[in-house]
Structures are given as structure tokens and as C-alpha cells.
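The form predicted alone is given below as one chain in C-alpha cells.
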Amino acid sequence: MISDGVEDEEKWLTAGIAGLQQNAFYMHRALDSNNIKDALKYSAQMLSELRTSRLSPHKYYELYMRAFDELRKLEIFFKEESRRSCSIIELYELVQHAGNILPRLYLLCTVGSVYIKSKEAPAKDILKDLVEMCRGIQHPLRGLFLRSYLSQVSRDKLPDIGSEYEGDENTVMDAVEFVLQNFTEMNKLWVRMQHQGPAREKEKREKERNELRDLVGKNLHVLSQIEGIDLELYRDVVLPRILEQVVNCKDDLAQYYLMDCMIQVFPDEYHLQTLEILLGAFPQLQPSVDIKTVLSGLMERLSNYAASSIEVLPEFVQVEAFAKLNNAIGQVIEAQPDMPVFGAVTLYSSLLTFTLHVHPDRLDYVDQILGACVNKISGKGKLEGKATKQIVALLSAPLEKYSDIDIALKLSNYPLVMEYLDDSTNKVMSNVIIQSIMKNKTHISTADKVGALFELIKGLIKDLDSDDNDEMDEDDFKEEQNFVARLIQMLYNDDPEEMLKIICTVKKHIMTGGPKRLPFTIPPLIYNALKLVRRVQSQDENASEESTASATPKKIFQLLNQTIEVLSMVPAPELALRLYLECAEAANDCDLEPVAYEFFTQAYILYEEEISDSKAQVTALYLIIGTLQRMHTFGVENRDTLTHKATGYSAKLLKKPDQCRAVYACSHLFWVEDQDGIKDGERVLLCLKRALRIANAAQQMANVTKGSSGSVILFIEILNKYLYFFDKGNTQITVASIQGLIELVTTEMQSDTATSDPAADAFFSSTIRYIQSQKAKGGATAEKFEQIKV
């Protein structure tokens, strides 16, 4: 059915164009023969095609443009005739004899244009005559296009400053009056379209009206181009007349479009100086008008105007722009109780942007806007959808403007607004805050500020109710937690006392994180605290244990012990063990033997009770051995206890190769180069011999299970340990034992049951080359290695 209507419309348009072209042909022929009477007759018949009511605005426009082109040619003819013999006054009267009113008025406008140009009569009289006579067409579509034609042919003939048509009898006020009257009549016709036809075609009519809106809006554009409209004339005449028409038409489509159009076409400085009058119209608009978009557009224009030059900023202060805009937003929200939260937040977001451009130093204004926003959204529960996006924009604006989270922390209403975000958007906003801090390298140096900041970003730190059902991507979760970790590492204060308070504050907040977050947030806190320990130690190495200062290494270590204990219960035993060992090493640097021993004890407990995976045990054991080897603060008894435990763990590993490697690694616990007291060659030899026995057992197991002796890589590794301690001067390591190992490796590699292992071959070759290079060095080293035969 719709397709039939479209086809019929095409037929009517085709027929109309055909009739128009036919009459245009005869009109041209009459023009060529200077037959004015026939020319007017055929031009009237041509224009009669515009009397149709069957076409949609889009199709009618096509027909109108063809008629418009022909009328331009007719206008040129009238100009030439008026210069020759024909009186333009007579011509003006002659065209009024056309039979139908629509063709008559089109011809009258065409001749009227030539009449004004001839200056045989005041322009204001002709313009007034034309705009009054166009009232004869009250059909909305035909009337709009007729008045659009009048506006088009007269726009360059208005009496304006500097115009040739300005004079004693013609003033700028006449031009303004003409355009305003034409605008008023066009708007009435445009609004009337909405109320014609059945209710079921309401949407169709709205679509058609949207297609025609530019015809009405062009009048405002023409007004804005009149040079003679100064601020006084705009404030006293133009603006009140436009607003009167906009408010009184009571049509939501017209009100929205015309308000927006007016804001866009007139200068920003005029809007600023007439702000009170303009804003007074907003609460009077229909409740269904999208006021937030129009008012936001106005504030955006004013913001850009303020940003264009610093010289215009005093004008904003002078007219009290902020107070007026803030008051207007309150009135609009009050006048539209059904306005969605999204609309209200959009308005406050635009006002905040305006304030940051015009009054960047007025934090009280910013906080006032946030407070008003809180009042609007209170009682609405958690916000969702578009409203949350606007809240994020609202909260991000101060960060972008000031590039300093300190400013946001001074705003009492900032955290209150964040409370209304749903959990996922709260995380987004928290990320924005952290990235702003990192981008601008913001220095947050007090515990109070840190506490306020962590309260703001609790969406990333605290386990929220939605986390149970949150199916967040694992990579995204890790990324956001890494942001938090980087933030913790950035916290710093030169004063150790304040720095300790910061660490305690961070600890209090991150402990609400739960098992998923703590493995990300505790390590950076531990390392930041360890940096403080070393700083305190370097500042006062001789500080007495009874010092009244709270930021002493001992007290910091107590805090660290409590923090890591939480991590061990998460459970994350491998990470907790690593951190215990880091703390033990820091305690070693501070010469706090009891503290270091306690950290080692905790690490050993974790190893025994929590770490059961064989690979994790191997890794943990190497960390223990490596850390213990670097410790210098332990007395003989404590060191022996810890060393004995470590060697015991080594022998209990599941896999023989792991046992072997851990046992020979323990040999380094008995020979530490930079500590003269720890050079027990005999126990080193015991470890190496034990490792050799385990390697033999591994070979035998391989022979039983696989039918081959397996790789000799363990023997080569042990050989290298023998060479290391031999080179370091361990007298228990003899040439005979090294020689025996070399022969053992050679025999095993040449055995029929040996498994080919290129890596072992390369390793052994490299070891032999090392022995040869030591021989080539000369001196005592060469003499020592010369006894080894390879």
C-alpha cells in the first residue's frame, strides 16, 4: 500500500514537472518576442503547478526548484524591460491580475524584487506590502515555500548599514521588522502542519516537518547577517520577538529547533550579554522539549568563547554567567519533574565544563555543581546506562583540567557522586583517576590524601558485592590490579614518620581486597616499606633501640610480618615465602638478627606446611639457599640451624636430579667468599660427595627403568662445583677427586648404554676448555691446575 502511494506521488510529480516545462516553454517564446501579456499568462499557468496538495515536502521541493529557476529568468527579463520602456509600477500592478492567488503572489514577489532594485519606491513599503499579501496563502506547505521564495529574493535588498537601499525612509529597523514578520508567519504555518490530518499519521507529519525546518530557520540566519543589528537592538527587539514566538507556539519540535538555531546563528557575545533573557525562556518551554541538548549547546558555545581569548573572561564575571546558568538549570529541572537523571547530569556536566573554562580558580563552583548533581541523583539508587557515562564525564573533567588529583581530593562532593556509580563504572572511573595520577606524575605525600584517594578508587581495591558474579576477563583484571600496584609504588614522603603513616593507610585499605587482589597489592606495599627501612637505616645507622620515633626498622618489620602473614593465608604461599626472604635480607642489612631469623622461620614453616608441588618446592628451596648464603648477621648457632634445615629439605625432594642439584647448591652455604668465618671445606666436600651419590642413584634408576644409563649432565655439573671450590682454595677438594670425576664422565659418555645428549657433550667440552685456559694463565693458578690431566 505504501509502495502504491510512492508510485502515485512519482506520477503526480512527473505530471507537474511536464506541465511546468510546457508552460515555461511558451513563456520563453513570449519573452523572446517581448510579449509581456503572454509571458505573464504562461508564467501564471506554470506557477499553478505549485498549487498541488498531493506531493510530500521532499517532492514538492523538486517541483519548486524547477519553478524557482524559471522565475529567476523571468526576473532578469523584468529588469531589462524596466530599463527599456515598461514602467515597473505598471508591471507591479499588472501581475496582480493573475487569476489564482498563488501564481499571483509568486509573480508579485518577483516583480517586487525588481521594483526595490529600481528604487522608484521605498524598499520598506514594498517589503511590507509583499509580506502582508503573502498572508493570502494559508496552506502550510504552499505558504512556507512562497515565503521562503520571498525571503530568498529579498535578502540582498534589505535596508542595512552599508546597503544601497538604506536611506532616510529605509532603516535597519525596517529590515528587522520585515524578517521577523516573515519568520513569525512561517513558524505559524510550520506549526499548523502538525495539527492537520488524522492522528495515525502523526509520525509522518513530524518527519515532513523536520524536512521543512530549514525554511523557517533561514529567517534567523538572515537576521544574524544584518550588519545593523547591534547588541542594543538585539537585546531590546530581536531576541524578545523571537522568544515570544518560540514560547507561544507551544510546539515541542519548533521550540527545540528554533532555540538551537538561534543559539547557533547569533554571536556568542550577544548570548553572553543577554543571558538572563535567553535563559528565562527555557523553563517556559514544553516539558517534552529536549532542553538539556539546547542548554548544553549554549554552554558549550560560551565555553569555547571563553577559551578563545583571555580578554573576554571579565565579561563573564561582570554578567555573573555562572550564577545565571546554575539558576536556569535548577529552574529547568524543577519545571520538568519527569526529566530523566541522564538529562540532569548532562546539564551539570556541561555547566562544569563551562566553569572550568571560565572560572578555573573557583573550586567552590565546581564543588557546588557536584553537590547539585548529588541532590538530583540521590534516592535513585545505583545509576546505569547513559547516566553513568555522563557521571564519568563529569568526574573526569576536573582531572583533565587541573592534571592533579589533589584538586579532586579537595572537593567534598566528588566522592559522593562516585557513590552512585554501579560497580563496573566505579572501576572505570577508578582507572581514570589512577591513569591521571601516573600520566601527570602527581605527588601524593600525606596519609590523609592517600586515605581519601584509596576511598575514591575502592572499586579496584575492595571486593564488591558484584564481584561474585563478575565474569571479568582475567587479563583485564590483572591490568587494573597492576595499575593499583604502580600507584602504591608511586607513594612517597621524605619524612619517614609520614611515610610510615602512608604505608599503614594503604595496608588498611588493601586488606579489604580478598584473595584475588591481595597477591597484586601486597607485594608493592612490601617493597615500598622495604625502601623506607633502608632509608631509615641509612639516615641513622646508630639509632638506639629505645628511640621514640615510630618509623624504626623494627616497627616497620613488625608491620611487614603481619602483612605477609595475611598473604600466606590467602593462600599464596610461594609469593609469601619470597616476600619473607626479601624482608629477611633487609633485616640482615640492618643487623637485626632476631628479626631476620623470624622471617626465615616463617619462610621455612610455609615451605613445610603449604608448598607441596615439587616444582614449587625446588624454586622455593633455591630462593632459601640463595638468600641464606648472603646473610652475614647470623651467629654460628642460628646459621647452623637454618643451614641444617635447608640441606635436609634438599635431600627430601621428590626427583633425584632435583635432590642432587639442591644438595650441591647447599655446598655454598659452607663457603662464603666475603665472610672469612664461613669457609668449612670439609662440609663442602660432604655436600658434593652426597650429591655424587644421588647422581649415581639417578643413573642406576635410569638404567633400570629405561634400559640405558641416561644423561651424565649431573656428573658434569658436580665436576664444575669441584673445580669452583678447587679454584677458591678449598684444600679438601683434591686433584685426585677431580681427576676421578673427569674419568667417570668420560667413561660414562663412551659407554654402550649411554644416551646421546648434545647438551651434555657441549657442557663437558666447555668444562675441559676451562681447565686448559686456567693452565694457560701462568703463575700459581696454572701450577695448581697443571696437575689435572685432561
Partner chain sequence: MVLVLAIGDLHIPHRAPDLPAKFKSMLVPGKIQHIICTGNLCIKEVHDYLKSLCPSLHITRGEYDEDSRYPETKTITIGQFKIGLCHGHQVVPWGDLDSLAMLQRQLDVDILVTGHTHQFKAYKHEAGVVINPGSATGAYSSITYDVNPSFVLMDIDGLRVVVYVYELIDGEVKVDKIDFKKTPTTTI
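It should be emphasised that the depicted structure is a prediction, and the values quoted were computed from it without experimental measurement. Numbering follows the first chain given and starts at 1.
Separately, the form predicted together with its partner chain exists; it is not shown, and the next lines address it.
Per the 4.5 Å heavy atom criterion, its partner chain in the model of the complex is contacted by stretch 621-629, the sole one of 621-629, 115-123, 604-612, 686-694.
Checked against its partner chain in the model of the complex, the candidates Met299, Leu579, Leu356, Leu421 yield a single residue with a heavy atom inside 4.5 Å, and that residue is Leu579. Ile713 is the sole member of Val247, Met339, Ile101, Ile713 with a non-hydrogen atom lying within 4.5 angstroms of its partner chain in the model of the complex.
Contact check at 4.5 Å (heavy atoms) against its partner chain in the model of the complex: none of Lys157, Leu215 and Asp290 pass. In the model of the complex, Val317 stays away from its partner chain, with no heavy atom inside 4.5 Å. Although the partner is absent here, Thr14 sits far enough away that none of its heavy atoms falls within 4.5 Å of its partner chain in the model of the complex.
Interface membership of Tyr724, defined by any non-hydrogen atom within 4.5 Å of its partner chain in the model of the complex, is confirmed. Although the partner is absent here, Tyr270 is not a contact residue: none of its heavy atoms lies within 4.5 angstroms of its partner chain in the model of the complex. Contacts to its partner chain in the model of the complex (heavy atom within 4.5 Å) from stretch 521-538: Pro523, Pro524, Tyr527, Leu530, Lys531, Arg534, Gln537.
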